[in-house]
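There is one chain below, alone, in structure tokens, taken in the form predicted alone.
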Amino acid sequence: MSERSETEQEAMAATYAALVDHGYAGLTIQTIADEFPKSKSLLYYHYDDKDAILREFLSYLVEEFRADFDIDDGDDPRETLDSLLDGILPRDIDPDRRAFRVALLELLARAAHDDSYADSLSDLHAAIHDRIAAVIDAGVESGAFHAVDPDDTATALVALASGGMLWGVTTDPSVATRTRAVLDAYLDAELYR
């Protein structure tokens, strides 16, 4: 993982806050600067425009995800998997997390027309999938999980969790809660020993 300066970390935090407050459609350099503890000109020093900040922000999310969910040999596979899935499809979602997911959905729509966004979001998806597959593999190896194909199971879990969150964010929030209950029941019946 690359080391980011304090200014770059503050720019990423400001981007997150601006996305939560304004969504992708309302995001501008000014809305980011309003959340940034330093000058707007400093943002322009580091980033050419809003798209450059957003591409860097997506890269930052991947780095943070990999750092936050680094897997250690002593970790409980079930707790780790639950934590990973909770990051995608929480049992309860607060308004800020929901607002951020709406902004990510807007970025997904942008990715359909912009390869740089598509590449960054693909990196995030791959990081999530790979971490879940690694946890499943560790759980199978330790005997905590039934013998399953880690890659196929991770694909199914990510698809279900992502779909539940997408549906819950775009239509009825209770769908996300119900989908998480279905996901938990699946894990209890098919994966956990």
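Start at 1 with the first residue shown and count on from there. For clarity, every value in this text was computed on a predicted model and none was experimentally measured.
Keep in mind that the form predicted in complex with another copy of the chain is not shown, yet the notes after this line are about it.
Not displayed here, another copy of the chain is approached by residue 167 to within 4.5 Å at the level of heavy atoms in the model of the complex. When another copy of the chain is considered in the model of the complex, residue 97 lies well away from it, no heavy atom lying within 4.5 Å. Another copy of the chain is not drawn, but in the model of the complex it has a heavy atom within 4.5 Å of residue 125. Another copy of the chain in the model of the complex is not approached by residue 59, whose heavy atoms all lie more than 4.5 angstroms from it. Across the proposed site, 28, 64 and 67 without exception lack any heavy atom within 4.5 Å of another copy of the chain in the model of the complex. Picking from 157-165, 49-57, 29-37, 134-142 the stretch near another copy of the chain in the model of the complex, with a 4.5 Å limit on heavy atoms, gives 157-165. Although another copy of the chain is not shown here, in the model of the complex the stretch 90-114 places heavy atoms of 98, 102, 105, 106, 108, 109, 111, 112, 113 within 4.5 Å of it, in sequence order.
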